[in-house]
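A single chain, nothing else alongside it, follows as structure tokens in the form predicted on its own.
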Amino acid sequence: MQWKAFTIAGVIAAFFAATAQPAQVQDWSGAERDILKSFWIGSLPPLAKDPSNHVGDNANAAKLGHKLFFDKRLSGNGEVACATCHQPDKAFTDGLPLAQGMGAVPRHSPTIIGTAYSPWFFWDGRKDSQWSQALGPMESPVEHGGTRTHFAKILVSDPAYHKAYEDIFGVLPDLLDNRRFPSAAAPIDDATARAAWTGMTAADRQTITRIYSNMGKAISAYERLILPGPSRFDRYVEAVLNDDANAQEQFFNKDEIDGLRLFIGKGNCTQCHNGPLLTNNDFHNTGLSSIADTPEDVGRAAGVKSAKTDEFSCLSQFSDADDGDCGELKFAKVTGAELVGSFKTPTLRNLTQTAPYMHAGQLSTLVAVIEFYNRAPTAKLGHSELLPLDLTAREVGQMEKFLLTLDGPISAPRDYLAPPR
């Protein structure tokens, strides 16, 4: 009788213990905890110096870059700035499927949050530094639509810019002679601007291009300060790592936990989305077609070739890197079927603010993205890396609920999240 009573009492106690356990508190294996920790923003290492940009961590350069980032004068029509497509209140995106500058841009504007950690820029990786990336749109006819002599003359003629530039980079030359320094000259496709550029002496072209590259380096110094802050997901991971059951229950519900389990398991998401920024900063073909009535985009296959020959690459004369630097560029693979139709893996942080999604904004909602990966359609160009996931409708919903926990604040000086005063 005593043995039987003890057994019943034990069963009753176990029952109440189990029912009292919050649904949100779950056991994670040691291997799973390691994975979660690798995603945790607390695992994000300090930002390494950019060897190609000697002012990348210069506070005065960041102040100058902040002003340049928001200045619409740095465009052909006086209406476009970097902040036109990278708006702080939209997680430094623009909310449009395709970016819109002086014309229609054929790709979606990605966020700049945390991109200082990346070795490649743009969806196709055609730039290998943040400062080089900043220069590309400024002379693009569909983005800023300007010219480097125009930009340099603004720096010289604006007293605040003039002083700020000289304090960082040294004396600015006198560019007022329009015969030596035409108002709109650059090595771009525009015939008039190119003719004006080739009519300048080699030394004067070098002077202008040095000023232009320094503008990019200042913008990069600003953008390097735009980093992600901790999301609800990060709070949950911290609670798991600290074995804090009450905090786990506070930060995640069961659907979000199940979605997280799908993310690291059946969903196979971590093949591309890993690390504290939830991106491997690499390039993958997911089989997503270009938008209607446009040619299929070859992506990385063209981008890496552009990076290798770029005027402002890490290996260029305008880079501050030493001979031993620039390994990513030196050893980047330039041929291979896997490059065709491949695009850079974006961060998953702040997803609710960065819609629509994919390289041309083809998918408008997170559910549409998950369902696309679930189907894994055949690629029209190249070979897709995806395999069907066989997620149920409920699992698609759980995955979405988890992804929504990745929103967090922007970690940056408050003044840098708005136009300069």
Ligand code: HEC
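One rule holds for the numbers: they count along the sequence shown, beginning at 1. Computed from a prediction, not measured in an experiment: that's the story for all the values here.
Keep in mind that the form predicted together with the named molecule is missing from the display, and what follows is about it.
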item: Listed range touching the named molecule, judged in the model of the complex by heavy atoms within 4.5 Å, from 331-339, 313-321, 170-178, 109-117; value: 109-117
item: Proximity to the named molecule in the model of the complex, single hit among 91, 208, 304, 80 (heavy atom within 4.5 Å); value: 80
item: Proximity to the named molecule in the model of the complex, single hit among 99, 326, 152, 277 (heavy atom within 4.5 Å); value: 99
item: Contact flag, residue 224 vs the named molecule in the model of the complex, heavy atom cut 4.5 Å; value: no
item: Residue 389 within 4.5 Å of the named molecule in the model of the complex, heavy atoms; value: yes
item: Proximity of residue 28 to the named molecule in the model of the complex, heavy atoms at 4.5 Å; value: no
item: 4.5 angstroms heavy atom contact with the named molecule in the model of the complex for residue 85; value: yes
item: Neighbours of the named molecule in the model of the complex among 393-412 [non-hydrogen atom within 4.5 angstroms]; value: 399, 403
item: Closer or farther in the model of the complex: C-alpha pair residue 295, residue 112 (3 angstroms or more); value: closer
item: Closer or farther in the model of the complex, the Cα atoms of residue 294 and residue 345, when the shift from this form is 3 Å or more; value: closer
